[in-house]
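One chain comes next, on its own, written out as structure tokens in the form predicted alone.
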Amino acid sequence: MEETQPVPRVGVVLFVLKGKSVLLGRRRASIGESTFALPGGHLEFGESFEECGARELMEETGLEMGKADFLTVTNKVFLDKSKPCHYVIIFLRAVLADPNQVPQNPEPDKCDGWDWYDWDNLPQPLFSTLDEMVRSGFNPFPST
């Protein structure tokens, strides 16, 4: 039987902004276990990036997304895992439909919980892709 190569997956990840803070949760997953990460997930067939982001945000945090803008894309291969994987990750900047919403944790098996963190004082350790972006000087906030 022929061994198949893993195929790249597409993820959509959100920088949900509130003032000068960003929404982060501590992961409970094989990739990035115990690191702080942005909400997001896999793009489903036929979805726009915004539709995926809104769906994932609701599933993971119970929050309703307002306006979202494309920020950047990364092409990340995770070779240091027992099962290597390859992700093309679409990053969006988003705000909440209602800024008074409070994040919930409807998937406690995937995340320890969600909270707002000041961009200039992010918790550690960050998920590898987010950490690389922060170290490179990336800033998700609109320039004023």
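One rule holds for the numbers: they count along the sequence shown, beginning at 1. These numbers were taken from a predicted model, which means no experiment stands behind them.
Missing here is the form predicted in complex with a small molecule; even so, the following discussion is about that form.
- The closest non-hydrogen atom of W119 lies beyond 4.5 Å of the small molecule in the model of the complex.
- Residue contact with the small molecule in the model of the complex: E60 places a heavy atom within 4.5 Å of it.
- The closest non-hydrogen atom of L17 lies beyond 4.5 Å of the small molecule in the model of the complex.
- Of the heavy atoms in Y87, some are within 4.5 Å of the small molecule in the model of the complex.
- For the marked spot (V13, R27 and A37), a heavy atom within 4.5 Å of the small molecule in the model of the complex is present in each of the three residues.
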